[in-house]
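Just the one chain here, the form predicted on its own, laid out as structure tokens.
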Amino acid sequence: MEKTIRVLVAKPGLDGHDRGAKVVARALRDAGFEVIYTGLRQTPEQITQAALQEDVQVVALSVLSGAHNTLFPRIVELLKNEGMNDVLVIGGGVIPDADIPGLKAAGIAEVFTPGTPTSNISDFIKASVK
């Protein structure tokens, strides 16, 4: 029997809007993933601890505030500090195309911008998590 992939959906920073994160969380749940949503205004430390406690294979980050270049790499760093080197970290939100290569270099496996079909996200996770 195949193990269900556990995904933590998190909103780091001071965003007050989480509709996109909730749409992704629901779509991932409907695609057969076990989804844990942490809610708004999470610190990188809170997200890392939740990922550790929930024993997830994937951390899906969503940012609208423009703080992705600071918050996403910090979360990757904290996950590595906890020995969670095998956790797939993906990002999404209003992220300029010019910022995506830097995020990938910092350890974000993929970045999904507005308008991305949710099936693309679930397909990427399924292909990436073994």
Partner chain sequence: MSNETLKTKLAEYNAKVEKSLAKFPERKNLAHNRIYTQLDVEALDTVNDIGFPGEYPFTRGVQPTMYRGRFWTMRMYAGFSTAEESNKRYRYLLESGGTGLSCAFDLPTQIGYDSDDQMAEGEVGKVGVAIDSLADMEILFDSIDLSKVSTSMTINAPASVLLAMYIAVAEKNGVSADKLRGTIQNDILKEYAARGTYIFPPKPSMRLITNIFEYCSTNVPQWNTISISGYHIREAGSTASQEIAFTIADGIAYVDAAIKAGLNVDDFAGRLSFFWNAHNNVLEEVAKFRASRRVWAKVMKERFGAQKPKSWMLRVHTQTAGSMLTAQQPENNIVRVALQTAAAVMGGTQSLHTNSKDEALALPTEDSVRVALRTQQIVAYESGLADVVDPLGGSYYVEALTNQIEQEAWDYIKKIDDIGGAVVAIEQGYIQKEIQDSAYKWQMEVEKGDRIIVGVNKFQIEEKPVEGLLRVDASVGELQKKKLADLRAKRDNAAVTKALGDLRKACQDDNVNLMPFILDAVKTYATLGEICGVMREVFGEYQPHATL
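This structure is a prediction, so every number in the text was calculated from the model and none was measured. Positions refer to the first chain, counted from 1.
Below, we turn to the form predicted in complex with the partner chain, even though it does not appear here.
A.B. asks: Heavy atoms within 4.5 Å of the partner chain in the model of the complex: which of the stretches 52-60, 83-91, 101-109, 33-41 has them?
C.D. replies: Going through the listed ranges, the match is 33-41.
A.B. asks: Against the partner chain in the model of the complex, would Ile47 count as a contact residue? Criterion: heavy atoms within 4.5 Å.
C.D. replies: Close contact is absent here: in the model of the complex, Ile47 is far from the partner chain, nothing within 4.5 Å, heavy atoms only.
A.B. asks: Can you check whether Gly66 is within 4.5 Å of the partner chain in the model of the complex, heavy atom basis?
C.D. replies: Because a heavy atom of Gly66 falls inside 4.5 Å of the partner chain in the model of the complex, the answer is yes.
A.B. asks: Does the 4.5 Å heavy atom contact test between Ala27 and the partner chain in the model of the complex come out positive?
C.D. replies: Yes, Ala27 sits close enough to the partner chain in the model of the complex that at least one of its heavy atoms falls within 4.5 Å.
A.B. asks: Given that the partner is absent here, does Leu79 sit within 4.5 Å of the partner chain in the model of the complex, heavy atoms only?
C.D. replies: No, no contact at 4.5 Å.
A.B. asks: Across 111-129, which residues bring a heavy atom to within 4.5 Å of the partner chain in the model of the complex?
C.D. replies: Heavy-atom contacts to the partner chain in the model of the complex: Pro114, Gly115, Thr116, Pro117, Thr118, Ser119.
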